[in-house]
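This text opens with one protein chain seen in two forms, each one given by itself as structure tokens under the names structure 1 and structure 2.
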Structure 1
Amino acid sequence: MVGGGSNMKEPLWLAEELVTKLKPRYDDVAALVINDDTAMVKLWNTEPSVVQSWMRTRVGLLLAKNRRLLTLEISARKPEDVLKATERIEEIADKVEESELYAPLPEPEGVKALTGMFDGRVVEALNNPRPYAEAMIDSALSQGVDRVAGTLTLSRVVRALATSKGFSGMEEKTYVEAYLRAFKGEFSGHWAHGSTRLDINALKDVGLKAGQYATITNKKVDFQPGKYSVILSPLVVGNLLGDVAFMASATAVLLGYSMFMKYRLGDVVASEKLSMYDVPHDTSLPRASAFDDEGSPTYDKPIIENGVLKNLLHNSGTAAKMGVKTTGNAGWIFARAWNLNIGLGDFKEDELISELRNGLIITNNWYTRLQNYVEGIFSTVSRDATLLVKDGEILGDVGRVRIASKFSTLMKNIVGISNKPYDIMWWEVRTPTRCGYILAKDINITKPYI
């Protein structure tokens, strides 16, 4: 059993009870129970407008029978409610096709509990998160903005897993997720933060960075489509390299949703300046975990290191299909990264602008879409401050632009990375990512039509 604490007994008991009751009817059973206690402050028009709190229990089941895989997720606290929901699944089990990615659940291995994922300050703040939200607001207002909007979310999470192979584990952690948009006239700036720890200075930085970008210029300038050198903020880096991490899933490769179908481990796929690591043992990032959804131990690993493809991410099924060992990245259906750490460079942030000299600074993005997964062809639209730089000076804001490129081109054209890390998590960056600013050359920029 991994972890401990009386407040964790209920979800682990529920997971073990479900496995005990379902094991006689299936070849493999895994029960994942997640309890979370959450408070969210919604900010609108420079005020904490709504404070919401909730507690919920989510139960996930993986059931395997005759190489057929079935999954179920419901909200319930009583075993009988979950078991009743499985009755209908059992009725259709024989009609489901055998899975090409079936592998028996792994035998339990030694899993060492992680420490440092739980911050008591988060639990204390659940009862009154408003002062932390107000600190974000005040920091943005110090930059002279007109108004702000955003959210601050605080959670205490208990995760428990039991399997029919005898694994039983649980862990408790906290997380903080914050983002803020600041407005000055027709201009806006945005920043975000995600961590397992409540750091008032990090929250103030969210307001400060959003306010700085909203007020960095009061001038609109023209933009002509073409190839530009670009500085991508950590928000953009987290969004785009999160998609790269998705394609590093062996599941994505096997299903044809990955540019890495064309490569082998050891191939050069990016500039030597780019390194990207999956870091489930970084306990300051919100998805840190000692064990994956199959009960395999997790470990930190490079996905790309100095431009070289080092690892795909596996669960038991993809590992068996490819004749390798699991990497501790299950997902019952999709293997996936836990947290991402993008290696830093040598540049200070202001030095990157000098190095850019002529080009664009893209501070935020959304509507990232893949037009061709195998080729890695994507587009994404800028949001908030998008700045034109000439001779190392910011001329003004160009409004929305679209990056239309290939991930391989973007990664191979990286020429510089800043040396200060930011921990980013918000609705456009769901895999928590630690990264700096990235400078890339010759990136195709067009005008969007939204």
Structure 2
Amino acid sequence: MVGGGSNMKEPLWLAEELVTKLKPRYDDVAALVINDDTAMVKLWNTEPSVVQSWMRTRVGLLLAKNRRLLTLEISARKPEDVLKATERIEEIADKVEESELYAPLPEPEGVKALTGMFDGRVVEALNNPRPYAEAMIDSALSQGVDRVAGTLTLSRVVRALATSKGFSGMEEKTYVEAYLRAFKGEFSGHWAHGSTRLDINALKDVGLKAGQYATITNKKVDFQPGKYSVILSPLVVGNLLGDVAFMASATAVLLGYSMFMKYRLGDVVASEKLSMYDVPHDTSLPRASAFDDEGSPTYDKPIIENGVLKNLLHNSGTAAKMGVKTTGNAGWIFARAWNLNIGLGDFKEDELISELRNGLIITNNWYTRLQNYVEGIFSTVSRDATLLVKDGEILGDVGRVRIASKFSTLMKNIVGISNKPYDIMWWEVRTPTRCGYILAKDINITKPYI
């Protein structure tokens, strides 16, 4: 299960060594070793503010003894250093009570290696990302913007896992995360991209789209709070449905952090237009992986399909607690999605604006917070181009407004999705998401009175 590159065997050797050493003392042992070489160029006022680099080896251990569950994260490279850190665990292991989320680690199943996650061009660019940063900047400047800010991140990651059940696997991959915010006077636009592969045209598109939204209007328009039809850009879709995917974790359900506490599988939770898939096998998206943190094979699966709740995301522990099978989404303790794919619709993007007719186009958002996870009550604030549309025409920018709604309302009120996919990852979208624009009706939009 190897994608290429050098020093590949060291992380797997370390993981296996740790399992060998710890196995006599515990019922279950899993050792996860992640080694990365990452460079990030941070841009500020159209020039680099800092170039950051990380060369790390991080070790995670899951240890179980008499159904007691212990986890350890350590930044160490040598087995003896890791084992020394387990002394603390050793001291407390017998004093801890049984975990209700304990389940034996799974027996190894056939994990089929994924190919296409490693791009040598990313590794080559690590030591000189300048041409790629310049390409993004120039593309935005070509739209007549005043200045840009953003980041370009390039990374090579080796992930190795060994378990006391005999699983042993390793993956090497690369990823690129790029986003840019472009400013023109009081107006701004933002775009983002995430992939396992380095494609200069995709980076140019980030600059282009950010520049286009920064210059799409030079007019501010008045706006009254109320119910609006809204088009949400892929950035907004990635942010909001990322929160829904978090709540689809069975761990979130068990700990009281989920709207899905109120639903059962098979319940209608959204418009039939909405399908949301967890896609670890899409090797172009940055969190692609063939096996989860317990060594279970991953697989693509619907979370919501045609509006119906199909799956919660499980590791062995949550699955045992709920009487189902793991879905290959471990995360020790906290099960989570790998990559998200939001099913596309039939609309071309300009047709979606015609369909909107009157309402708002929200191209970016941030700071999504919930009043109550069980009810899914949330609000989020728009930033960058937030456009008022009347009779299918963009009248101008309304400034920073707030979507204040329930996730169930938002998802049930979806009436259309565009047909072109974008691969989004940025500061506010941490689970890589492939999606289009979404049109939803009757969504509550607010702003301050004073």
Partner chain sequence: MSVDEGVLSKAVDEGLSLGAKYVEVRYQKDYVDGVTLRNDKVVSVGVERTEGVGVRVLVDGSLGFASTNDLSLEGVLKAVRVAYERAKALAPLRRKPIEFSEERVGRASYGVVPKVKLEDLSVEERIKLGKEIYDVVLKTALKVKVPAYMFELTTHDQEKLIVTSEGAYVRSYVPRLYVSLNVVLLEPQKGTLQRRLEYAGSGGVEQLKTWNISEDVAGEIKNLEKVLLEGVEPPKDAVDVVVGSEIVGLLVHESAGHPMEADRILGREAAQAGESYVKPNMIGVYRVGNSLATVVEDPTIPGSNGFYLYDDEGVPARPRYLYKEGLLNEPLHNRHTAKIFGVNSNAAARSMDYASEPIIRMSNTYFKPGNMTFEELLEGVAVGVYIKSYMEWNIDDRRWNQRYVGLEAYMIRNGELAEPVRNPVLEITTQGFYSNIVAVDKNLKFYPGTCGKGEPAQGVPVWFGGPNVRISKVRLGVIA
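Counting starts at 1 and follows the sequence of structure 1. Note that the rigid core is defined as the largest set of C-alphas that superpose within 1.5 Å between two forms. In this text, all values refer to a predicted model and were calculated from it rather than measured experimentally.
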- Just flag whichever of structures 1 and 2 is the form predicted together with its partner chain. 2
- Arg369 C-alpha moves between structure 1 and structure 2 by 2 Å or more, core aligned: no
- Query: Quick one: core overlaid, is Gly416 moving 2 Å or more at the Cα between structure 1 and structure 2?
  - Reply: no
- Core superposition between structure 1 and structure 2, C-alpha change of Pro48 at least 2 Å: yes
- Query: Quick one: CA shift at Glu97 between structure 1 and structure 2, core fit, Å?
  - Reply: 3.0
